[in-house]
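Shown below, as structure tokens, is a lone chain in the form predicted alone; questions about how it binds or moves come after it.
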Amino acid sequence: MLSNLDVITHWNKAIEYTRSRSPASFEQWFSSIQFDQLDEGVLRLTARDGFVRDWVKAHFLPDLLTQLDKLLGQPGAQGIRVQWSINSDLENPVCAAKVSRTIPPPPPTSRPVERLASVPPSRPPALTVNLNPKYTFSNFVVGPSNELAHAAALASAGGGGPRYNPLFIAGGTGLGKTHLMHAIAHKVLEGRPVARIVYVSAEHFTNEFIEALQHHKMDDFRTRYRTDCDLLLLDDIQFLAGREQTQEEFFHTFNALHDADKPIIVTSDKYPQQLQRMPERLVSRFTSGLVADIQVPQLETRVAIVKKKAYLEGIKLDDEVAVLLAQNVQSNVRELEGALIRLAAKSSLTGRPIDQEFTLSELAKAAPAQRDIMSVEDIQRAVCGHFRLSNAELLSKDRHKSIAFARQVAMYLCRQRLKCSFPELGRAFGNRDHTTVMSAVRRVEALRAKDPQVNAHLEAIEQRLAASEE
């Protein structure tokens, strides 16, 4: 039987381990989580609301429980069970909220448009923005892979240049979309402290919409998003796919804000035209402003990102080690920053300096062995990663426009880089006829010569492949 002191010690160790894997995100979410008790294999936690609970369960709980199981010696099926409670008033959250800006109501005025003074106390807070203080424009490293998105985001925040409305930021996981969203909010609040900003994920928007329907509070919901909103920031719009009622509500919200010339910034892991189960009228509105993409950063940008992160976290890092990290972690910025934090944590625990020998040793333990020769499977994997598809979808008979295009790109790259015969490629892509492969290669060749967006896709995938060969 463990004493209370032992339990608290193990809990704190598990929390620090989980924090080290993604410090900024951890502190943002665990400021809304409270540890209540760990007793007889049951971990009791309280979340501020159901949305926070579900997010932490999906993104943090597996690592946290694995570490606790190791510390307590309870592996496998006999591991820890979790019991959740919901309470909007947490007495002792795991982390203190980094930034919680409650936007004050505007000063009294005789103009009839001022509504905030008459809002009933029971109404859910609509004008509270929780921002990560490190996610600012000054901390965002700009390079060729993200300079358009950065410039467009800065303009949307009033930093100069033409403002596009809506601004649609597309890019893979961990490349900086959320950083830019927070930076926009920071910049707007610097210039207009009373600006009414709503920043939510598509999942949260959906949950609020469902709750408003269930409790007959649609008027409050629409006032929050259409009237009492000067700037709407919506993350991960792809999660609205297939949710017809939510899409309908967002469509009207979009129109109301756009007609009032209020900025709308949306992010997604796909381009608007690649969003599946999304109505055409919404897709057309997303493309009516500016679509700015963020690609995987090149080596020089990755080095700058590592050095900036080290500076912000107070980690002493030599240039040689920064280059070494950037060469070995190429997939996305979040993984790159996570590798740095893990390295710093291990250095602190062992007392070893972060030099090249130590870094190579730790990277070798974490990284899987890489093959020297590129194959058809490597190119298929790179294409799937770029277009956010599974390998099964790529090789399937599905003729959906986005899947068919990704398949044609993969065939083209295999032909160009590996010099495979058309029959060989046909067999590698689901036993297709060689004439299908010939047609795909020719089509992509033609599009590459005249379509800048297709050329951008190909260059991004080729950068992925080149990075994997380093």
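Numbers follow the displayed sequence, beginning with 1. It should be emphasised that the depicted structure is a prediction, and the values quoted were computed from it without experimental measurement.
The same protein also exists as the form predicted in complex with a small molecule; that form is not shown, yet it is the one meant from here on.
If you check the small molecule in the model of the complex, you find a heavy atom from every one of Gly176, Lys309 and Val333 within 4.5 Å. Contact with the small molecule in the model of the complex, defined as a heavy atom within 4.5 Å, holds for exactly one of Ile80, Leu275, Ile305, Leu257, namely Ile305. Note on contacts: among Phe286, Phe221, Tyr135, Tyr271, the single residue with a heavy atom within 4.5 Å of the small molecule in the model of the complex is Tyr135. Contact with the small molecule, judged by heavy atoms within 4.5 Å in the model of the complex, is confined among 382 to 390, 82 to 90, 178 to 186, 351 to 359 to 178 to 186.
A residue is said to contact a partner when one of its heavy atoms sits within 4.5 Å of a partner heavy atom; Tyr164 fails this definition for the small molecule in the model of the complex, lying far away. Among heavy atoms of Leu290, none comes within 4.5 Å of the small molecule in the model of the complex. Proximity of Thr253 to the small molecule in the model of the complex falls outside the 4.5 Å heavy atom cutoff. Mapping the unseen interface onto this chain, Ser156 falls outside it, with no heavy atom inside 4.5 Å of the small molecule in the model of the complex.
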